[in-house]
Structures are given as structure tokens and as C-alpha cells.
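Only one chain is included here, represented as C-alpha cells and corresponding to the form predicted on its own.
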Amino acid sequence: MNKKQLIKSLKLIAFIVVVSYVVDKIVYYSITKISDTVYSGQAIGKLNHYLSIKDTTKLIVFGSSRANHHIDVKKLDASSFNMGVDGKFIAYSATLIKLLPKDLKQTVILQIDPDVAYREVYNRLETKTLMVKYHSNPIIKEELDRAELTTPFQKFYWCIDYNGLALGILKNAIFPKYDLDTYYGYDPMEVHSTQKEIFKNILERNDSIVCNTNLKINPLFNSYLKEVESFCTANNKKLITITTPIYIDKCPEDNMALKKTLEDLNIEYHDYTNFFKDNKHLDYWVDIAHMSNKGAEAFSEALSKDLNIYDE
């Protein structure tokens, strides 16, 4: 390739880069404009909803599906929101907690799964769904960079933020799943006859369970716990951690280990794993780890009476 051809090639490459950069930003801001209006669905809607209420709400629940489907927060406080999201654990919750205002007294209820706390590997991949706010929220950006979940190309091509989420966002923009004015984050699950039969069959199986014997808390999980405690202490938040009920716990050792860890961190903890130990009513359950709407309502009623949510 002679010098003239090289210069021509470099100009073409530069032109393509500039055009692709401009097109990327046009598409990014177009999707973002739509995305910011979506308040339905767990891809972006619930996050947007949370961002809109986090500065004015007194009590917020964080955690996985066992927070989302199990805690009717309106039984705890009229000014409340359930920010539990399926498949999301401590890294996701900690990131959202750090978005709370620093000058407002609030109660933070963090649901923790003991088996996740003691996993040998915890890679915080669930925070990737927060990528939609990577270029619009500095705290989320910092957390995602820290987790090393971004790519070098993302600094240049912002549309990567929406990778795999764009269709879900557009779908919920056109067909919202619920009424924003009445939704407060709690998603109860109804159990149907077919599900009940499936659950019965599961219970009748004599499946062997191998419990984790290496009960050393995952270092990453532990660091997030410390960060949440530190943030809440410094920013006028009352932190309460809980574990919600399961049908049967064949590995109670991790619960005891978690209790000791949280005591050492001076974090209030309530373990409700065996809350329904003496009441095995199948109408209360969808599966071993998730309560039905009936079980969740019974549990939430008890929770409202049991927790000292506000200091005297």
C-alpha cells in the first residue's frame, strides 16, 4: 500500500468512526428518552420507579425474589416501596441503597439469602441490568466500573448500555404491566392447582441435599454488607436485615453463621427461615423457597408486629 492509499484508508476509517459515534449518540438519547418514561417491568421500569420515590419514601425493602414476592410493605408503613427484584442480591441492593438521600431519615430493610452469602463464588453479575444508567448516574457508573462489568468500547459507544434490554423497554413502554399510581413494588404470587400438584410431587421426592460445610462468608458479599452498614449509619438510615421463610431448611448451619457475622458487624438481623415450621399449609407456598400471596400476607402481618421499625 503506497502513501496515497494509506491516507485514503485512514480518512475512510476516521469518517466511519465519526459517523458511527454520531449515530450511536442519536440512538442512545432516543432510547434513553423512551426508557426514562417506562415505569413497568423489572428490566428498567421498577428501577425508574425507585429513582422517582427514593427521596420521599420512609421505608424501602431491598433484596431478591424472596423480598419482592414475600413482603407487603404497606403493612409496615404507608410510605413504603418494595425494591426486591428477582435474581438480585447484595451487590445490586447495595448499589441502590447508596442512591438514597443523605439528609432523610429512612428505614432500610435488606433481605439476605444465607446460601448466597456463603457461596464460594459470587460475581455480582446481577448488577449488569443497572447498565442502562451507566452514562446517566455517577454512583451506578462507579459501582459498575468497580465490578469490572463494562467494556472499553462502552466509553465510546453508549448504546452498549442497552444491550439485551432494548426490546423489554420498548415492550413495557407500549404495554405497561400495571398502574403506576397503585403499584408499590410488591408482587404477590398466586398458587394454582397445577402448581400445587407439582409442589406436592417435589416434596414427595427423597432428594438428597449436600450442605455447604465451608461456612466462610464470601469476601465480596461481606464487603458489601460493611458498605451498606457504613452508608446507613452515616446517612440517618435504620438498617434491618432479614431472611424470609422457606418451606423447609435442610441446611440451617449457614443461617447460624450469618447471624454471627451480622452480630459482629453490629447489624440488626431477624431470621424468619422457619416462620412456618409448624404450619405446612400448601396454600402458603408456590415452591420450597417462595411463598404464595396467602403465605406472604400472613408473614407480612406478623412482620409488621414484630419489627421495631422506628426508634423511640
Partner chain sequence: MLFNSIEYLIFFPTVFILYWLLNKDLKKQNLLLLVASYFFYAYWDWTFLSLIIYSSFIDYYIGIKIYETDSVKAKKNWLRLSLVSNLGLLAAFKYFNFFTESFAEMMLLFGWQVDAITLNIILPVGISFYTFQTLSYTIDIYRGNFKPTKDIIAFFTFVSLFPQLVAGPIERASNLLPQIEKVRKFKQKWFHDGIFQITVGLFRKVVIADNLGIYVDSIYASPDVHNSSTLLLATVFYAYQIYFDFAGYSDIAIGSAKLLGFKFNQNFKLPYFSNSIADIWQRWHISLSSWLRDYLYYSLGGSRGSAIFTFRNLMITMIIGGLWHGNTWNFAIWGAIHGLLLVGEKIIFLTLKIKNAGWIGYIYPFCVVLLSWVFFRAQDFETAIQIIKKLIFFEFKIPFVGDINAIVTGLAMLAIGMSFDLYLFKTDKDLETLGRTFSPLKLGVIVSAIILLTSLFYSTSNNFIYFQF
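In this text, rigid core is short for the largest set of C-alphas that superpose within 1.5 Å between two forms. Just so you know, these numbers come straight off a predicted model, no measurement behind them. Positions refer to the first chain, counted from 1.
As for the form predicted in complex with the partner chain, it is not shown, yet the points below apply to it.
Peer 1: Using heavy atoms only and a 4.5 Å cut-off, decide whether all three of Y29, G41 and N293 touch the partner chain in the model of the complex.
Peer 2: Checked in the model of the complex: no contact with the partner chain for any of the three.
Peer 1: With the cut-off set at 4.5 Å between non-hydrogen atoms, does T151 touch the partner chain in the model of the complex?
Peer 2: Residue-level check for T151: yes, a contact with the partner chain.
Peer 1: With heavy atoms only and a cut-off of 4.5 Å, decide whether F221 touches the partner chain in the model of the complex.
Peer 2: Result no; F221 lies far from the partner chain in the model of the complex.
Peer 1: Taking heavy atoms only, is Q5 within 4.5 angstroms of the partner chain in the model of the complex?
Peer 2: Yes, Q5 lies within 4.5 Å of the partner chain in the model of the complex.
Peer 1: Is N163 close to the partner chain in the model of the complex, meaning a heavy atom pair under 4.5 Å apart or at it?
Peer 2: Within the cut-off, so yes.
Peer 1: Using a 4.5 Å heavy atom cut-off, which residue among S79, Q195, N212, N137 comes into contact with the partner chain in the model of the complex?
Peer 2: Looking at S79, Q195, N212, N137 one by one, just Q195 meets the 4.5 Å heavy-atom criterion.
Peer 1: Go through F231, Y157, Y184, Y122 and name the one with a heavy atom inside 4.5 Å of the partner chain in the model of the complex.
Peer 2: The residue from F231, Y157, Y184, Y122 that makes the contact is Y157.
Peer 1: Among 70-78, 139-147, 234-242, 164-172, which stretch has residues with heavy atoms no more than 4.5 Å from the partner chain in the model of the complex?
Peer 2: Within 4.5 Å of the partner lies stretch 164-172.
Peer 1: Once the core is aligned, does A302 move its Cα by at least 2 Å between this form and the one not shown?
Peer 2: No: A302 shifts by under 2 Å between this form and the one not shown.
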